[in-house]
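Single chain ahead, written as structure tokens, the form predicted alone.
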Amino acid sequence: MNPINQGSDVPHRLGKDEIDRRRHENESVLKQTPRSLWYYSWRRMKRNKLAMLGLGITFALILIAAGASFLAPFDPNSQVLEYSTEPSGFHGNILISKSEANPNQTIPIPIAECRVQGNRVIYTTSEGRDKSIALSRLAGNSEKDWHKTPTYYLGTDRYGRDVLSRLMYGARISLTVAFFAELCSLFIGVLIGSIAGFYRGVTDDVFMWFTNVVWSIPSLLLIIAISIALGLGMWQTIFAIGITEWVDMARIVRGQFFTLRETEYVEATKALGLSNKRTIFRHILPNSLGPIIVIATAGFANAIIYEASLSFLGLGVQPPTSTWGQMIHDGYGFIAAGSNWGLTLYPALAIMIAVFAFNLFGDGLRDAFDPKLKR
């Protein structure tokens, strides 16, 4: 049989339903709207369960940090010295009185029990002594306002401050420092990497020499040195971390520019007479956003660790502002004593969970932006 005739008989052996189905599939493919890289990256991202777990934890941390003022059960700096180093789940019993120096401030008074007698409240202190206070000096108009029985779900520190509230406010500090430090790092790294990768030659040699010098210095030591030189505080910490952690970003951006500089659309911008500035920031840089986002996400985790390290050493955000590193510093001495492990364990777990979430999310982004992945 002639092979040409044999091939021509294949469509006749297909049923009408099968032919219609294939025609419909072909028409559907032709009618599909072209999608961007971000669309297909998000589809790959959703199939990565670990990456979505990291994204979910990250989103939860952001919500806790943003809503700490509403979610935290106590003021993170409110001290009740009588409740020093209480265990998790401790139930308190306090009266809330107005401050004589500032009527807008309140002072908690820990008690064992109380009763109203006329225009005064008779209460027994935790030491067993009977005292009284005028109703006019208590905050609020009813007993629900000035008599509280709070629960310290994660216990208290050595100053009687609620550990859970300080953890929530500590998340705000850690994420704020990481965000602005990474913005600073992103700006410096992208600027140096794009200029070095686009112009090459002597410009590339000079920028990469400077980058290698910074890279050769241990990051934490450089951050400590800059923090000491600038002074102590949150913005000094942000600046110290930001101007140190740009090296990886610069090297990645430089490599991307080396590759994209030789593409046809970049050659077309030169033929059209576009300026180098427009070519860099309007055409090459947007096509490098995938790796930049991945590196920036990983940089968040590093910034959280560096901020906690500086706070632990007393060189970062200063007390009484709540930070995870400072909480570990305040509580690590209790580990040697064999008591109140939670004062160190809880902030350490918070740092671990935050870093773990950002790393999972960063790994997922790296896989999602890889066009070679089929699954």
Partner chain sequence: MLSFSLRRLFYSVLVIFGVVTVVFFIMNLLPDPARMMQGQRADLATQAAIRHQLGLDLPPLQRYLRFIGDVAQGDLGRSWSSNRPVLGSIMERFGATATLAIGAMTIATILGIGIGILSAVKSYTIFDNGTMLFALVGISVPAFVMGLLAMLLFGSVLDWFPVSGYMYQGDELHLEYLILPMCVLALRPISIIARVTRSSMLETLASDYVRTAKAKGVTWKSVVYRHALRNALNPVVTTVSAWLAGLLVGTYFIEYIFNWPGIGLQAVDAITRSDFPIIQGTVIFSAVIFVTVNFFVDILYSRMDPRVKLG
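Every value quoted in this text rests on a predicted model; they were computed, and no experiment measured them. Positions refer to the first chain, counted from 1.
Unshown form predicted together with its partner chain; subsequent notes refer to it.
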- [ ] Classify residue 50 as contacting or not contacting its partner chain in the predicted complex by the rule of any non-hydrogen atom within 4.5 angstroms, answering yes or no.
- [x] yes
Check: Is there a heavy atom of residue 216 no more than 4.5 Å from a heavy atom of its partner chain in the predicted complex?
Finding: yes
Against its partner chain in the predicted complex, would residue 313 count as a contact residue? Criterion: heavy atoms within 4.5 Å. yes
Its partner chain contact in the predicted complex: residue 329, any heavy atom under 4.5 Å: yes
Residue within 4.5 Å of its partner chain in the predicted complex by heavy atom, from 344, 58, 41, 321, is 344
Exactly one of 229, 271, 81, 134 comes within 4.5 Å of its partner chain in the predicted complex through a heavy atom, and that residue is 229
Assert contact_stretch over 206 to 214, 94 to 102, 124 to 132, 147 to 155 against its partner chain in the predicted complex, heavy atom within 4.5 Å, equals 206 to 214
Near its partner chain in the predicted complex, with a heavy atom at 4.5 Å or closer, the residues from 342 to 368 are 344, 345, 348, 351, 352, 355, 356, 359, 360, 363, 366
